[in-house]
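Here we start with a single chain on its own, the form predicted alone, put down as C-alpha cells.
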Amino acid sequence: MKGFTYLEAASAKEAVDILEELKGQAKILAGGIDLLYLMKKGVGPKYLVDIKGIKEMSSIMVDGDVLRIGALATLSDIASSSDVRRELSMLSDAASRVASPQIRNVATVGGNLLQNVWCWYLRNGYPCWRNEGRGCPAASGENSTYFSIFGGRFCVAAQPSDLAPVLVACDASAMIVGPKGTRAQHLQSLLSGSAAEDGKGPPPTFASNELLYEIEVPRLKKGTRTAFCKASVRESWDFALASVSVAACFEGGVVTDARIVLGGVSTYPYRAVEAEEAIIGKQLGKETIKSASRLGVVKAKPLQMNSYKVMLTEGLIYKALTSIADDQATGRS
C-alpha cells in the first residue's frame, strides 16, 4: 500500500474545503470497503478525507413527501429502517441482498452508488481508460460476468451498484455539496454521465471538489407497485449478473406510468424504455408481460462471453412484472 496523509472533516463544508484545496489528490473515506481494497492493490490517493464523523449524513427520515437518506447511512441501516420499509420496500430488499452482514454494517449508500467497477483488468493494474491508459481490454477479453450487454463507448464494465437501479426506478435525486453550495441532480443523470468527446476516456461522476451528501426519493404515487429481482453467481456476497427494478402505477387495473431499470448489464442503470412503453395503458396479463420482457432486451448487444445475460435479463423482467401483477390482482401492498 502506498503512503498517504489522513485527514478528518467535521462537516460537509469542511470536507469540501479540503477537497478544493487538494485539487483532485484526495479521496473521501466513508465505509471504505472499495477504497481500501484498491489501496491494497497500490491504487490510492495521496490524501484520505474521513467523513464518518459527520452525523447528519447518516440519517434516514421522511420529510413531507420525500424520503431522505444520508450518504453515510449504512446498507444495514437501510435494510432495517421502518421508514424505508414503509415507503420503499424494494430498496430494503435490495440493500439486504448486498454482500454479507459484516459488509452491510460498514458499507454506505454513497459508497455503494459510487463504487468503481469490478473489472479484473482495472483492479489488476491494466492501463485502461479508467487507469490512466487507453482502450478497454475487457471488450475483447474475459467479459463473462460483470460486464455490459448494452455497449459502452470507453468501458464495458457494468455499473455494480444494487441500489442504483432501485433508486433510479423511483426517480431519486442526489444532493451534492460543492464550493458554490448544494445542488440537486437526478441519480440517472449522475450515474450515466455523458460520452467524453476529447478522446481521454469517460467523464468523472462529478467534480473532485464535490461531496455526495444525501439521496432524496419522492414518495411513490398512490397505486404504485414495486419489485426487485436479482440473479448472481452466489446467493450472497456477489454482485448482480443482472437485476431488475420496477415501479409501476395502476389505476383501475391499468398501468398508467412505469419505470423498469436494469442493473448489472450496462455501464449505468439502464432504463428499459421499450418495456415500459409496452405495459403503459394496459393491464398486466401474461402476453403483455411476455412481450414487454422481450422488448426490454431488444437493444442488447452482448459481448463474446456474456450472451447468456440476454435471456437471464428477459427472465428477470418477466419475474418482476409477474410479481407486481400478482400484487395488483390480490391487493397486496
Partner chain sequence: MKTWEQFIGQRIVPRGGPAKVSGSYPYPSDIQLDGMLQARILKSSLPHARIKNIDVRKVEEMDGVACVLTHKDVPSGFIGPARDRRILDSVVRFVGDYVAAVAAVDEDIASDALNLINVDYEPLAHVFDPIDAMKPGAPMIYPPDNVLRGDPPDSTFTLNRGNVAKGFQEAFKVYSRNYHFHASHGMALEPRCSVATWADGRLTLYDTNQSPYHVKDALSKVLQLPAENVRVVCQATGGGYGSKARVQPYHFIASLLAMRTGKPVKLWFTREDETLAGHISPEVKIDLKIGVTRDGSLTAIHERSICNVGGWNQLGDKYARLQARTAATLYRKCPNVRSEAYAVYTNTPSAGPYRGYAERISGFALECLLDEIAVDLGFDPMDLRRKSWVTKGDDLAPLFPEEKVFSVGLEECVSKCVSYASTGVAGPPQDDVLPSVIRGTGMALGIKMLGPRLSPSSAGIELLKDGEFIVRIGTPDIGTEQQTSQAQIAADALGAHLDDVKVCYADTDDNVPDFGIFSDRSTAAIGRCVIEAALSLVAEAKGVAAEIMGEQIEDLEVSLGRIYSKTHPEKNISYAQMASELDRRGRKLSARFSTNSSFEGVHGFASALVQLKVDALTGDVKIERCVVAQDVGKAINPMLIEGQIDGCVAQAIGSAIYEKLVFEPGKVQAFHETGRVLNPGYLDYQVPTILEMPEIVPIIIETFEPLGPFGAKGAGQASMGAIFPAVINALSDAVGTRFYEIPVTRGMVLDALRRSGKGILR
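This one's a predicted model, so the numbers in the text were calculated from it and none came from an experiment. Positions refer to the first chain, counted from 1.
From this point on, the text means the form predicted together with its partner chain, which you will not see here.
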Quiz prompt | Segment assignment from 248-256, 166-174, 208-216, 140-148: heavy atom within 4.5 Å of its partner chain in the predicted bound form | solution = 140-148
Practice problem: Please run the contact check for residue 154 against its partner chain in the predicted bound form: heavy atoms, 4.5 angstroms, yes or no? | Solution: no
Quiz item: Taking the shortest heavy atom distance, is residue 102 within 4.5 Å of its partner chain in the predicted bound form?
Solution: no
Practice problem: Tell me, yes or no, whether residue 13 is in contact with its partner chain in the predicted bound form, where a contact means a heavy atom of each within 4.5 Å. | Solution: no
Quiz item: For residue 183, is any heavy atom within 4.5 Å of its partner chain in the predicted bound form, or not?
Solution: no
Quiz prompt | its partner chain in the predicted bound form reached by all of 232, 241 and 318, non-hydrogen atom within 4.5 Å | solution = yes
